[in-house]
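First, one chain by itself in structure tokens, the form predicted on its own.
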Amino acid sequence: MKVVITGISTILGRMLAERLANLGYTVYGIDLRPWKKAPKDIEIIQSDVRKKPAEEVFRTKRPDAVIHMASVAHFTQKFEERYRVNLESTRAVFQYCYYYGVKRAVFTGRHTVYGADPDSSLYRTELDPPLGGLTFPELNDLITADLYASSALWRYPKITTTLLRIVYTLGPSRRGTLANFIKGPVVPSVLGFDPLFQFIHEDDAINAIIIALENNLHGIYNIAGPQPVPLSILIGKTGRIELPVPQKWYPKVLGRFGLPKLFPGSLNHIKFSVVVDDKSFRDATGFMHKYDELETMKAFRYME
């Protein structure tokens, strides 16, 4: 099977590409960023997904499937850049699939699109709407891309589309949204709040994406790993020190004193839980995570 991976130069993109190549897939990667020393059996096209060289991959290679991982979740990028990557690239990928007869499309989204607030149910299912933009406006481009991918389920009926809403990934690469938040030796929490954080080992996340591809799933599925743990436990078990900060001071200390830089809208995600129910995916595929919460946190543990 021929597979195109967009965003292949990310850590997870590289891991996925190498795993698929080892399984016998023919892998093509599209990314504006270079992948130095990429395996010889993986062809890399260094291009913006929206541009002609990327479209040429679909026209000339005629892939059987595409895994769209070209999205930006961190907020060091300017909004215009994030909008380009998250929405316009998603739209372009589905249009290429339609024009050139791609049969399978897997979109890797994020569970944070559900949003964090005190009135939501503890476990979000795929039937819950993505309302994260109401309290976290900086998520709107991610949510719009998610909604566009959701619309592909009926917009392009000849394409078997799978939308995966994956919880935070943790692992030895120490990359990702949650990893960026807890990467320093001191992690700020909001005084009086200790929400549940849900994560999955990056190796399990890769396995889940491959399983979704191979099972030819059609629909929206939450992807999670072990049981969620309180933020205080997450901080302690990864070798960090928790710094409880009163809520009114919290925005003022972010990005200072070695603490992570976050947007004001992220405050709700530090106060309240975003936990998903992944029963549908497990029932449909038999997926079982290999790494429990302690093993996953240990893999990320802070090292001098």
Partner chain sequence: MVGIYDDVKEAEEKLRNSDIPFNEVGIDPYGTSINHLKAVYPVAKLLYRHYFQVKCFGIQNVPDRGRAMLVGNHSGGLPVDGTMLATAMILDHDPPRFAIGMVDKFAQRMPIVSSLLSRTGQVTGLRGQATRLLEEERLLMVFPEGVKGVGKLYKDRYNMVEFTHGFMHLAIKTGTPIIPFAFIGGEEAIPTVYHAKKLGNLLGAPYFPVTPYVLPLPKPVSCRFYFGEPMLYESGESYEEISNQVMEVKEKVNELIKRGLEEREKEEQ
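Quantities reported herein were computed from a predicted structural model and do not represent experimental measurements. Positions refer to the first chain, counted from 1.
Below, we turn to the form predicted in complex with the partner chain, even though it does not appear here.
* To do: Give a yes or no on whether every one of 12, 52 and 56 sits within 4.5 angstroms of the partner chain in the model of the complex by heavy atom.
  => No, the whole trio is out of contact, none within 4.5 Å by any heavy atom.
* Asked: Counting only heavy atoms and a 4.5 Å cutoff, which of 117-125, 151-159, 91-99, 179-187 contacts the partner chain in the model of the complex?
  -> Of the options, only 117-125 has residues within 4.5 Å of the partner.
* **Contact test in the model of the complex: residue 18 vs the partner chain, heavy atoms, 4.5 Å** => Because no heavy atom of residue 18 falls inside 4.5 Å of the partner chain in the model of the complex, the answer is no.
* Is there a heavy atom of residue 272 no more than 4.5 Å from a heavy atom of the partner chain in the model of the complex? -> Within the cut-off, so yes.
* To do: Answer for residue 64 alone: is it within 4.5 Å of the partner chain in the model of the complex, judged on heavy atom distances?
  => Contact check for residue 64: no, nothing within 4.5 Å of the partner chain in the model of the complex.
* Asked: Within a 4.5 Å heavy atom cut-off, is residue 136 in contact with the partner chain in the model of the complex?
  -> Contact with the partner chain, no.
* Which one of 242, 41, 277, 48 is close to the partner chain in the model of the complex, taking close to mean a heavy atom within 4.5 Å? -> Contact residue from the list: 277.
* Asked: Here the chain is shown alone; which of 211, 131, 233, 147 has a heavy atom within 4.5 Å of the partner chain in the model of the complex?
  -> Going through each option in turn, the one that passes is 233.
* Taking the partner chain as it sits in the model of the complex, which residues of 278-295 have a non-hydrogen atom within 4.5 Å of it? Please list them. => If the 4.5 Å heavy-atom criterion is applied to the partner chain in the model of the complex, 278-295 yields 292, 293, 294.
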